[in-house]
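The chain that follows stands alone, in the form predicted on its own, written as structure tokens.
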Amino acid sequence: MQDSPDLGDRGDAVCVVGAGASGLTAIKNLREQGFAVDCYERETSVGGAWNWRHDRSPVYAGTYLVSSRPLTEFPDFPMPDTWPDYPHHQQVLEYLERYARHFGLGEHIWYGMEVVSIVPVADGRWDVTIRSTGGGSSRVQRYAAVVIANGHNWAPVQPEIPGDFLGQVIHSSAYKDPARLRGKRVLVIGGGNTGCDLAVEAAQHADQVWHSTRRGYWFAPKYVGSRPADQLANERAPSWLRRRRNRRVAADLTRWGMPAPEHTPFESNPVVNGLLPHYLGHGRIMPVPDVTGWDGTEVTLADGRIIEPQLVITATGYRPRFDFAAPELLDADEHGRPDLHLHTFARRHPTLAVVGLVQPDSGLFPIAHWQSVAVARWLKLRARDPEKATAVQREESERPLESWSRRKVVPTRRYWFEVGHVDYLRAVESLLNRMESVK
């Protein structure tokens, strides 16, 4: 097929989609392996989900990290020692902006540009269609590889509840300031980290708070004594000792009416919230079961009770979206869940990868760093010795999920990309060692 005269061939350059935390570390590590990089960011600045100015950002005024600073920072760019154990979202954005400046990443980013489509062509290359978010015509650029880093916490999922509700219903992504809660009866739907954080925030500002959860969760505090709990759990120790320690940290909240968990502690990532028991114990949060229907100003619960909130906040998660990529490129199933080795490498397209599509029991940034290191070194090996790279790709793509994530995962969308960071990083290290051995 003859190339279009409007096609721009970027040779061995790599296209990166998104300039959030995952996109930034992808640019850095690709550049360190000698690749030219074009990163396309639909917004006008870096930061992704952590940039509260972006229209897709889910952060609100009271957003803080749920993983402590040492387990969140990039391994080659520490956060300031003077910062708190759990930095505020504005500090996280400042950190990402510093990271981009320190490594000179801005010159490789095209702001206000979105990727419309990626199409595989001969020899593992990709035709990438881009256009300005301000409108105008699109253009096609050809790249040697594509790294997707567009995040997975920006496309809200609303619960399907029959009936009509006359009060306010917003997704947690639209919540920004506690002024919206004051003087109101508030129902928060959702038992994940965000749902519990918002229930706690509502307990501090609203007149009355109900918290609806469908299933039971284990809860972990942010501190054990004066130590951040995740640092204590991350200390080097025999596996049996870590399991015993973790069981002591995790708690179910059934004595206050929360549902009982259906799995043992740390078979899936716990909800990290030290204040929820406080407000449950003081009667400021009323736990209630699933919502089964709307009827005017009334909300019907699964146990038959009826409540009348004025504001409903649905903290019901997000759906991963890759509108620019055909589902078969990522082996996505009918629900939109991609099937990627290490949640990173496309199984049938060796020059396509995703960075940051994980839900770890630690901070995401170090995971994304090592993912992008592996992607960059893999692409370097493929450019240098395609035959050896193909052998590694074949061997790695056949490894089942259980070989790199021993954690039992609850079969719901919330847990699609959940990993234990220790086991996961060991698997990435194994891949890096395998690539090093075939040089």
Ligand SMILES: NC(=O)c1ccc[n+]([C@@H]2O[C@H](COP(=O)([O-])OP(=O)(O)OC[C@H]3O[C@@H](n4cnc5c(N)ncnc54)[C@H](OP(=O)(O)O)[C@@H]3O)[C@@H](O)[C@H]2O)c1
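Predicted model only: the values in this text are computed from it and were never measured. In this text, residue numbers run from 1 along the sequence as written.
A second form of this protein, the form predicted together with this ligand, is not displayed here; the remarks below concern that form.
query = Should Asp197 be classed as touching this ligand in the model of the complex when contacts are defined as heavy atoms within 4.5 Å?
reply = Asp197: contacts this ligand in the model of the complex.
ask   = So in the model of the complex, does any heavy atom of Tyr318 sit within 4.5 Å of this ligand?
value = Output for Tyr318 is yes: heavy atoms within 4.5 Å of this ligand.
ask   = So in the model of the complex, does any heavy atom of Tyr143 sit within 4.5 Å of this ligand?
value = Output for Tyr143 is no: heavy atoms all beyond 4.5 Å of this ligand.
Partner contact for Val373 in the model of the complex: this ligand, 4.5 angstroms, heavy atom = No, Val373 stays farther than 4.5 Å from this ligand in the model of the complex.
request  = Sort through 388 to 396, 28 to 36, 59 to 67, 374 to 382 and report the only stretch with a non-hydrogen atom within 4.5 Å of this ligand in the model of the complex.
outcome  = Result of the contact check: 59 to 67.
inquiry  = Going by heavy atom distances of 4.5 angstroms or less, which of Asp76, Asp339, Asp290, Asp177 would be at the interface with this ligand in the model of the complex?
reply    = Only one option qualifies, and that one is Asp290.
task = Could you spot which one of Asn193, Gln90, Thr264, Ser138 gets a heavy atom to within 4.5 Å of this ligand in the model of the complex?
result = Exactly one residue meets the criterion: Asn193.
inquiry  = On the criterion of a non-hydrogen atom at 4.5 angstroms or closer, are Asn153, Tyr217 and Tyr415 all touching this ligand in the model of the complex?
reply    = Checking in the model of the complex: Asn153, Tyr217 and Tyr415 are all within 4.5 Å of this ligand.
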